[in-house]
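The chain that follows stands alone, in the form predicted on its own, written as C-alpha cells.
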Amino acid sequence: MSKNGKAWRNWNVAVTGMNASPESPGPGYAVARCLREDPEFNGRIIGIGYDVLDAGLYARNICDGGYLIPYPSAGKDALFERLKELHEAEDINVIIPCLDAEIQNFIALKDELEKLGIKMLIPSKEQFTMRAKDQLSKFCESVGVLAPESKTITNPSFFDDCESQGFEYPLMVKGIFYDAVLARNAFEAKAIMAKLVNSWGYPVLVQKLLCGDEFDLSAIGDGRRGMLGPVMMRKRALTEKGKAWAGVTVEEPGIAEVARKLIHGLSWSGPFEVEVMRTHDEKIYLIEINPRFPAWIYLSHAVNRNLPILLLKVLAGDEELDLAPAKTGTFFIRHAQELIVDLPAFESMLIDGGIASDVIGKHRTVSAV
C-alpha cells in the first residue's frame, strides 16, 4: 500500500450536482451524504452547484461550504478559472463531477487540475464518447449486449411518419445528455423534442419502448477493464421522467455480467451507472450508461458498499478495497424535505457566488462567478 494510502480520510472533496429537483435530483447531495456518514472520513466537503437554489449548497450538516460555478456552456476555460479560485479558498484535493453535461469539461481539464494537486477519477474523452446515447447501439453490438432500437434525429417531422420507419407509439424521446420522456403521439413527441433541444441541444434520440422490469447497477471502473464494488437495485417506483423514486437491492448475475462486458469493453475509469430492462422473455437490454454516480447512490452506503468512499480509496492508492457483499432486500424511498436557510447565507450565494467553510465561527466568501 502507498504510504499515503490513508490520506483520503482527511481530504477536502468538492462535489458537483447539488441540485434537488424533485423529478430528477442531482446525485451530488447523495454522494456528499455517503462521504459525511462514513466513520473514517474526517475531511471537508465542498458543495458545487450552478444555481442559487441548488439546495445542497446550504446543507451545513453535510457540506462545509458551497459555491456556484459557470454553466457547462461557458466552456472549460471559464470553469478552470473558477475552480482555481475555489482551490485557493478551500485547498481542494478531489473533485467528484456528478452531472452528465459537465463531464466533458472536467475531462478536458484533468491534466491542468492535477498540476494544481486536484485529483479526479474520470473517463477519457474516447471512453465518454463511446457510451454516448447516439453511439450506444453500435458499442453494444461490438461487445455482445442487447440494446433497444434507436435513432438520432434533428427534424421533428420524423414524428409525423415514424411508423413507416418502424417506430410505433408510445416511444421514448431522450436528450443528448439527459432526460427521457414517454411520447404517446406525434403532438407529444414534438413538444418533448422542443423542450429537450432547449435544454441540451441537438440531436435527440428516439428509442423503441420496451416493457419489463427496470434495474440499475452502479460501480467504479478501475481503468484496467475491472469493475469495483457493484451495487444493484430494482426500481419499484418511478417519477414521470422515469427516475427511481423507490428501489430495492437485488443480486442478478445476468445483469452483473452485462455490466462487466460494458466496462471491460470501455476500459472505463471512474464511477458509472448502467440502466437495463429485463423483458418478459428474460432478455436483458441496455438502456443507458451514465458516466457518474446515480442519485440513488446513498443506497450503497446503506448496504456496506460506500462507493464514493471507495473512489477516494482508489485515488489514494489504498489497497484495502475488499468490500462485504451488498445486502439484498434493502429498500430506499425518496422524499422531499424543506431545508431551512438563513437569509445572509442565501444573499452570500446570490451576490458573492458562494459560502466558504467556517473559519473561527464565521463564513468567508469568494467572489461571484
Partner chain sequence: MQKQLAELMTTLNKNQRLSKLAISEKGFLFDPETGQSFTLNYSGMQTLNHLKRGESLEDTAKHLADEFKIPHDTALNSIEAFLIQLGRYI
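Note that the structure is predicted; figures quoted are calculated from it, not measured. Numbering follows the first chain given and starts at 1.
Only in words, not in the display: the form predicted together with the partner chain, which the text now covers.
The partner chain in the model of the complex comes within 4.5 Å of no heavy atom belonging to E114. At least one heavy atom of F215 is located within 4.5 Å of the partner chain in the model of the complex. Of the heavy atoms in T249, some are within 4.5 Å of the partner chain in the model of the complex.
Contact between T328 and the partner chain in the model of the complex is found at the 4.5 Å heavy atom cutoff. With the partner omitted here, the stretch from 95 to 103, 276 to 284, 76 to 84, 184 to 192 that lies within 4.5 Å of the partner chain by heavy atoms in the model of the complex is 276 to 284. For the residues R234, H264, K151, K243, the 4.5 Å heavy atom test against the partner chain in the model of the complex is passed only by R234.
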